[in-house]
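Only one chain is given next, in structure tokens, and it is the form predicted alone.
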């Protein structure tokens, strides 16, 4: 009996040692084994910074999002989740809704939940560099999604050609208004994309400014991309110029909405060309109604699927196979940049509607038949 007890004791000890070894990561650091076991098809989502992570053999991807307060990002969330799951992986999604400290805290939570790779949509291009450092300290690679993380050793950047977005906006508006007073309403100054959009716009209009054909009479950032801040900016622009403005380029469709609200109050909506980008439903409706001139459609299904594909590859230790690099102030980041598409009332049916991005019924619902 005593011998049997000793044999059992040795077996238990051996099993315990196996468990300890299996709880170590590649750097010999212990990983928590307190994660609950969930079903093979399960995934978790938390917008509060809490929650529990699924475990199992599947690759787990953490998706740290700036916000879910805009239509565009709700689409990204759903499309990315679907793309990840189609590849047999799992995703945990957290959104900070514009709070830098919260996004960093949520990223730490994701890292602690045993993810294999972290995908980040940064609110602040500079502040989120600390997330990359924390992830790398435990051997987790980081992918910047749509927006570049500055001054950090990120492993991959997947986005659209954001300078091209601004160029498409400016090309569309300068065709209609080759001379006159321009207003530029930028996005959030903390967002690297906002600077790229603006750079693209000025790539096109600067030669016209130099010739004296175009004069930019108002140029301001819209804090946190909010329509209310863009509305205040546009009111100030109109007031400073006695309503004599010839064209407006807004950094996205949300800010374009604020611009058009200000124009409507002055009886100018539809009389002054306004550009936006993101192809939001409200913008598509304004285009067919005649109050917004154009938007830039970025097929985010392609973005989500490409990001999911490459994140899974990196998690498996495979090469992402990129052929472009973008400097983020610290390194040349391996990058994939997809092409955006200019959309106006003449091609809206063949682009965002044909792709199923918005239904024709929804886009035209305010237009009399």
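Quantities reported herein were computed from a predicted structural model and do not represent experimental measurements. Positions refer to the first chain, counted from 1.
FYI, the form predicted together with a small molecule isn't displayed, but the following is about it.
Out of 225, 297, 80, 182, which one falls within 4.5 Å of the small molecule in the predicted bound form, going by heavy atoms?
Contact check passes for 225.
Of 164, 134, 72, 102, which residue is found within 4.5 angstroms of the small molecule in the predicted bound form when only non-hydrogen atoms are counted?
After the contact test, the surviving option is 72.
Proximity to the small molecule in the predicted bound form (heavy atom, within 4.5 Å), stretch among 102 to 110, 143 to 151, 209 to 217, 169 to 177:
That would be 143 to 151.
Residue 252 within 4.5 Å of the small molecule in the predicted bound form, heavy atoms
Yes, residue 252 sits close enough to the small molecule in the predicted bound form that at least one of its heavy atoms falls within 4.5 Å.
Mark residue 278 yes when one of its heavy atoms lies within 4.5 Å of a heavy atom of the small molecule in the predicted bound form, and no otherwise.
Within the cut-off, so yes.
Quick one: is residue 193 in contact with the small molecule in the predicted bound form, heavy atoms, 4.5 Å cut-off?
Looking in the predicted bound form, residue contacts with the small molecule include residue 193, since a heavy atom lies within 4.5 Å.
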